[in-house]
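Here's a solo chain for you in structure tokens, the form predicted alone.
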Amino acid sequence: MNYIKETADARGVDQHIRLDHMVTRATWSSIDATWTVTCRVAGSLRVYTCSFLYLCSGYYSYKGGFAPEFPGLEQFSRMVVHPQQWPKDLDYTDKRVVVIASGATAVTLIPAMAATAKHVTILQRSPSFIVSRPSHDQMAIRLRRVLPERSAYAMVRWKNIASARLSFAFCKQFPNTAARAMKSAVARHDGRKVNLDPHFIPRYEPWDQRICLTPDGDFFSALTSGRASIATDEISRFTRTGISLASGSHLDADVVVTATALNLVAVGEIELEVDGVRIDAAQSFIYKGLMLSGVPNLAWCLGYTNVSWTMRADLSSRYVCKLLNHLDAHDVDYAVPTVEDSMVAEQSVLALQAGYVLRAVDRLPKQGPEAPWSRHQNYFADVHAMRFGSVDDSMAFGTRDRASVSSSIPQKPSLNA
């Protein structure tokens, strides 16, 4: 957070931020080539206008996380917390904590909570792949001793990009070998203090869902210290003092953390309208991983799911700047991605098999069979397409003085056709 604040201050970005504004609606007029954005601020409405709308709201709902119905939850007499609504005054010191989760949230929470809690139990229905990585890059440290900072940064960055890409490609090409290697690494780290089966034997192949990273193996250290443990089971029901499991076991708890994933949404749950027509993002195709078919001058920043989010966010932002420069250079006011009537939806914009993604398939934009309508998970391919590729492929352009209600925005085909 300090880095973000310092950078915003140094670049003067903080002067242009409007805090506590919830954007609820955005309407586009081709006659004016303008977006009208409606925000809710302290119970009242405020309106802004812009020529280009760039949404950096991510892909999860800020209203609340996914909360499955747990039988008997109303009988539990103690505290239940979802990470997305974490109380500032939550005190779990010397308390028994159960974290219902199996993904990155659990891997992050367990070491932090185990430091002061009496005991922390992670309750998972099915395991995840978990890999330990050093929190400090020794190669980066050595390079900074002998090279100028910018040169060292560039070398380390490309090393990390290449390493991540090669690892992902290996996992997809040789999933069984990759799975064995990750399980073997867990066994070597934990010795005999944690059972590999069933706690670390996922039901899926590597990168069907995200792989969790634990810095310096702190997740495993919490387990082997005895301050944390894993239960791989299913919930039968909540009781007054804890959770009864399908196996017949019972977990006593003073605090239950339901890290049961996020609710995914498109374009920040903002109601979009183009020339009086309501836009359903789920009926749109994603263009170059950030724009929507049939929607002019709008981009939605989506990061990668298999490497650092910011790598893709950086490319998306550079592309938006490139497109804006193109509009200025050619004296046009808007650009709108257009699809052919024969376009067939291949898959959702997020190609993962995780439950939180599958639950949201009917709310997210779709991918087409090929570029520019397919979304890569490959930084090298995206660098070529976003930084050096054309901005006018499958793109229509217009100006406000030529626009009309009947001909301004090409219509997109129905995904049900």
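As the structure is a prediction and not an experimental result, all values here were calculated from the model. Numbers follow the displayed sequence, beginning with 1.
The discussion below concerns the form predicted together with a small molecule, not included here.
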item: Segment assignment from 275-283, 142-150, 120-128, 306-314: heavy atom within 4.5 Å of the small molecule in the predicted complex; value: 306-314
item: Complete contact of Cys56, Tyr62 and Leu262 with the small molecule in the predicted complex (any heavy atom, 4.5 Å); value: yes
item: Of Ile100, Ile270, Ala114, Leu290, the one that lies within 4.5 Å of the small molecule in the predicted complex (heavy atoms); value: Ile270
item: The small molecule: the contacting residue among Ala104, Ala231, Ala169, Met79 in the predicted complex [heavy atom, 4.5 Å]; value: Ala104
item: Contact label in the predicted complex: Ala396 to the small molecule, heavy atom within 4.5 Å; value: no
item: is_contact(Arg210, the small molecule) in the predicted complex, heavy atom dist at most 4.5 Å; value: yes
item: His21 within 4.5 Å of the small molecule in the predicted complex, heavy atoms; value: yes
